[in-house]
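This document starts with one chain, in the form predicted on its own, laid out as structure tokens.
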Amino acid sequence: MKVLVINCGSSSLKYQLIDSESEKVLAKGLCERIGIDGRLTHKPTGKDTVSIEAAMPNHTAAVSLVLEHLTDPVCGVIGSLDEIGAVGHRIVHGGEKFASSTLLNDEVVAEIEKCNELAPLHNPANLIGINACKELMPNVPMVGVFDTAFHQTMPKTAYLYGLPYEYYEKYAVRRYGFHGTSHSFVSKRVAELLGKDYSELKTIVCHLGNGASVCAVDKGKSVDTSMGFTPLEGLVMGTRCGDIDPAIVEFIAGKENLDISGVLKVLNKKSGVDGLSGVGSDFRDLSKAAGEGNERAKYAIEVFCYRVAKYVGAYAAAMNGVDAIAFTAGIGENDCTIRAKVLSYLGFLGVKVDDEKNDCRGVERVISTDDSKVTALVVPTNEELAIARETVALI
């Protein structure tokens, strides 16, 4: 079966067409500036990349252009749309309603709409992509894969906040967690790489990118994760502040003459290592600046690594032990210095890093020594493949 994976943003649309039998990517691409002027980058495997400027007044037009290029005689990879057996949609928030991937019908879409207030920047865009695909491919089955679903196994002790319980009952204020598709994929892959039973492993996954989170996976289930009610909680990230004293919001609002929306914009868009360093959110730029003597860049990196290590230590305690620590996503997969700094805090767990093995980028590899009590690994994530697998399983 060929599965089209769609990841729809407010003005963008990422896609991959995957052959589920071989699990090879047949084509992938990105539609940008939807509703503005429109740009498509289409990368068919084994053929030249196509980049064009094209009118995309809405997401339906963008999906239509994607389908046109997938079936194009020159840059296409399939003869007709009949070859697409299913569409898998990434959906950020499923609330408490969805603990697993789900076939999309009118009833399910209506439930997803109810989660819009929990993810106002993401869910409405995800729904636009669903509706666009339904309009153009009405007879093709579609599946929703939720970022929050993997974390629905967390116990109440992990997901409840120290707030009046009525806020949870009335407004569903609780920890949800995100990056669930990635955490699920990587933790399963760790078990495969180690030749161990997934249901017996205690794994901590460090998804470290511009958005970053840590997840404790005990016997195949997420039992805690660093992101919370929104993706703002947890680690210091590229531009997000992570954990702070809530009273800081009122303090900054008064000092800077900002309303709550204004302060949240600062916490989401102008904080993290970007705000700490003044250099930016890209760790390559931070490392370069730190190497040139920029003290703020140096401390931004140190703060980031320290926070990651604190969460790993906390989750080792939460699971009463840990067998494996996996690094994934842009920073986790590619920055050996960050990995080494994080793991340097974890000697008390018996973690020993092999510097030669750790000198790698974007490959699957054990980076700990043979006598390390905890196995440390690099495992590139593949959320699109995970979505395709979920889709095929349901179809």
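Keep in mind that this is a model prediction, so the values were computed, not measured. Note that residue numbering begins at 1 and tracks the sequence as displayed.
One more form of this protein, predicted in complex with adenosine-5'-diphosphate (ADP), exists but is not displayed; see below.
Contact segment among 288-296, 191-199, 210-218, 133-141, judged by heavy atoms lying within 4.5 Å of adenosine-5'-diphosphate (ADP) in the predicted bound form
Selected stretch: 210-218.
Partner-contacting position among Ala61, Ala329, Leu67, Val351 - heavy atom within 4.5 Å of adenosine-5'-diphosphate (ADP) in the predicted bound form = Selected residue: Ala329.
(message) Can you pick out, from Lys269, Arg284, Lys97, Lys310, the residue that has a heavy atom within 4.5 Å of adenosine-5'-diphosphate (ADP) in the predicted bound form?
(response) When adenosine-5'-diphosphate (ADP) is considered in the predicted bound form, the option within 4.5 Å is Arg284.
### Query
If you check in the predicted bound form, is Asn358 within 4.5 Å of adenosine-5'-diphosphate (ADP), heavy atoms only?
Heavy-atom contact with adenosine-5'-diphosphate (ADP) at 4.5 Å: absent for Asn358.
| message | I'd like to know whether Ser368 contacts adenosine-5'-diphosphate (ADP) in the predicted bound form, with contact meaning heavy atoms within 4.5 angstroms. | response | Residue-level check for Ser368: no, no contact with adenosine-5'-diphosphate (ADP).
Requested in this report: Within 4.5 Å of adenosine-5'-diphosphate (ADP) in the predicted bound form, which residues of 331-359 have a heavy atom? Give them in sequence order, or say none.
Outcome: If the 4.5 Å heavy-atom criterion is applied to adenosine-5'-diphosphate (ADP) in the predicted bound form, 331-359 yields Ile331, Asn334, Asp335.
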